[in-house]
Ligand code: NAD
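Single chain ahead, by itself, as structure tokens, in the form predicted on its own.
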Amino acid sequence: MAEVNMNKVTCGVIGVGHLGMHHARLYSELENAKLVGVFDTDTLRAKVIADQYGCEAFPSVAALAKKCQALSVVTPTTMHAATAIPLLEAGCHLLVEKPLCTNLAEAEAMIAAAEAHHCILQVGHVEHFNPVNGYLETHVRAPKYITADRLSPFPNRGTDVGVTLDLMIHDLGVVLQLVRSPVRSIEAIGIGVLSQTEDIANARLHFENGCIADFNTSRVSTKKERTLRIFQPGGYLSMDFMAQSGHRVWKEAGCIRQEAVPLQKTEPLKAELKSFIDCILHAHAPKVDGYVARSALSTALEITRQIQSKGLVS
């Protein structure tokens, strides 16, 4: 790991595909970050991105790590643990894209490595940095019923995990933090359509405090949708994570009232990376640490297990 710079954090990106490219772009723009370089197994792609954002394309992860205090790990999920653990052991602060990894044993090993070597391990649950979620964190009090719909067309990229770990996990992470109660039971179903894993998944979570949450996720839709509706005593909130907008409905003086939710639109990934850099500079705990990510992963894995047990995916 590079020597600590108290003014700017030296950063690198491992994996500069569709999402990793944006990590590189944003590190190059952030005031307190210095983009040192990138690595990708596709060396031509790495060179293109490095040239585009004024940094170096490194020949290996180890070579990049020696020059950086902080790294984004934007590899396929199956490679997260194998990539991250040696870097944590070398003293690098990491932002690992979601999901944290593919199983709980890997999650525990990653968390343990971060703690043993006093490194920040932040996980890329980007919706936690969406202004919609910021509003929900201050206005959701006692949710009784939640619906989450996340739909998208089939991605023009690799799909090494099913739609539950690919997309639904975003909403699982948000809802688990909002409800703040242990999950009592899970019911799930899903089917494979265009891949060897589930492309459509539905899950119902029953929480110990009585709240129920329904999740509907698809990556074979003709439209895009990322909405969350929260019903609680006195009214409900209907929020759109994609449009960064929403409205609330409540009863007052015998009348039903409705108003738009005031939100200032932002780029959530930029807010996420800025928070990561701030945590390093000021020794703060990340908003989405390994434990928060592990909780979402554990729930997603149980949903995946139930789907697979029904024999509707390959």
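None of these values were measured; they are calculated from a predicted model. Sequential numbering from 1, following the sequence displayed.
Keep in mind that the form predicted in complex with nicotinamide-adenine-dinucleotide is not shown, yet the notes after this line are about it.
- Of the residues given (A90, I191, M79, I111), M79 alone sits with a heavy atom within 4.5 Å of nicotinamide-adenine-dinucleotide in the predicted complex.
- Proximity to nicotinamide-adenine-dinucleotide in the predicted complex, taken as a non-hydrogen atom within 4.5 angstroms, holds for one residue of V126, A107, L176, I120, which is V126.
- When contacts are judged by a 4.5 Å heavy atom cut-off, S152 does not count as touching nicotinamide-adenine-dinucleotide in the predicted complex.
- At the 4.5 Å threshold, heavy atoms of H18 reach nicotinamide-adenine-dinucleotide in the predicted complex.
- Contact check for H170: a heavy atom falls within 4.5 Å of nicotinamide-adenine-dinucleotide in the predicted complex.
- Contact check for F39: a non-hydrogen atom falls within 4.5 Å of nicotinamide-adenine-dinucleotide in the predicted complex.
- Comparing 96-104, 133-141, 177-185, 211-219 against nicotinamide-adenine-dinucleotide in the predicted complex, the single stretch with non-hydrogen atoms within 4.5 angstroms of it is 96-104.
- Contacts of stretch 203-237 with nicotinamide-adenine-dinucleotide in the predicted complex, defined by any heavy atom lying within 4.5 Å, are made by none of its residues.
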